[in-house]
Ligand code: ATR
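What follows is a single chain, given as structure tokens, in the form predicted alone.
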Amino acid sequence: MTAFDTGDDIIPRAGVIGWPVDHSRSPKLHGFWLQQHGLTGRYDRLPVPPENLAAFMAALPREPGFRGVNVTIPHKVAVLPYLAQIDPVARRIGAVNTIVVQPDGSLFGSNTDAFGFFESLRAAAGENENMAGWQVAAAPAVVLGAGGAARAIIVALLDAGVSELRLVNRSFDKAESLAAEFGPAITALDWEERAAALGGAGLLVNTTSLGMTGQPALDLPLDDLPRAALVSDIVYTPLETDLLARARARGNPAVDGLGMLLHQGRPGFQAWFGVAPAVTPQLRAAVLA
């Protein structure tokens, strides 16, 4: 058996590679869109252990019907050497989450996490009457964490015009390294400064695993956070984290992590299946079911 053994019929296909990959909600996401648009196609979980990644990437362009794949942990960086082209955003982030098989069989890699994050904020601003006139670049942003997700969100915020970004991480060295890499708009702060960093902010984003099911809680007093500031948590298990619940209770608009997941899938689906899909309440319900 190989990761590609998904049936004998030659139809347009895509999937998600990772190790493990059983937890991925991407098949629900893309399956909903395929059904919604009446398209013939498949999207599958493709478990690929690290030792098999090279063989998988070599075989991908030769597999009948395969248009490309999403990439999740632990392969987002490891796939880079196998790609003929990488888009500029993915190069800045340093990781790829979407691969498209080009007509000539070469592989093109992109990273849609920055797009997905910003689109989730934009959608929330459009749907929440309390956010009328809210602009992401109007006030400083605070980002908690300095891992791969933080890199994508930093790129999204800098590209959106944020001129002051306060980066707070449990390992100060990692925050300092990212600040040096991404430029003077970013100030690295020690974890002990996380509460004070919220003063005057217009956006707070948690990219850490703190608050996720099975992980320690995020200990962050919100007293200094302006009540007009948007609070975003990229965690979606649980959907309503303690951070989001506390933010909503004090009147802050809040955005859960599911929107980022849903919106990041749009560019890949369009590239693989030829239709530009939309994120709707019905899609959210289907993915959460």
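These numbers come from a predicted model, not from an experiment. Residue numbers here begin at 1 and follow the sequence given.
Only in words, not in the display: the form predicted in complex with the named molecule, which the text now covers.
Proximity to the named molecule in the predicted bound form, taken as a non-hydrogen atom within 4.5 angstroms, holds for one residue of 187, 128, 171, 163, which is 171. For the options 146, 114, 205, 71, the residue carrying a heavy atom within 4.5 angstroms of the named molecule in the predicted bound form is 146. The shortest heavy atom separation between residue 198 and the named molecule in the predicted bound form exceeds 4.5 Å. Although the partner is absent here, residue 210 sits close enough that one of its heavy atoms falls within 4.5 Å of the named molecule in the predicted bound form. Only one segment in the set 101 to 109, 84 to 92, 138 to 146, 114 to 122 has any non-hydrogen atom within 4.5 angstroms of the named molecule in the predicted bound form, and it is 138 to 146.
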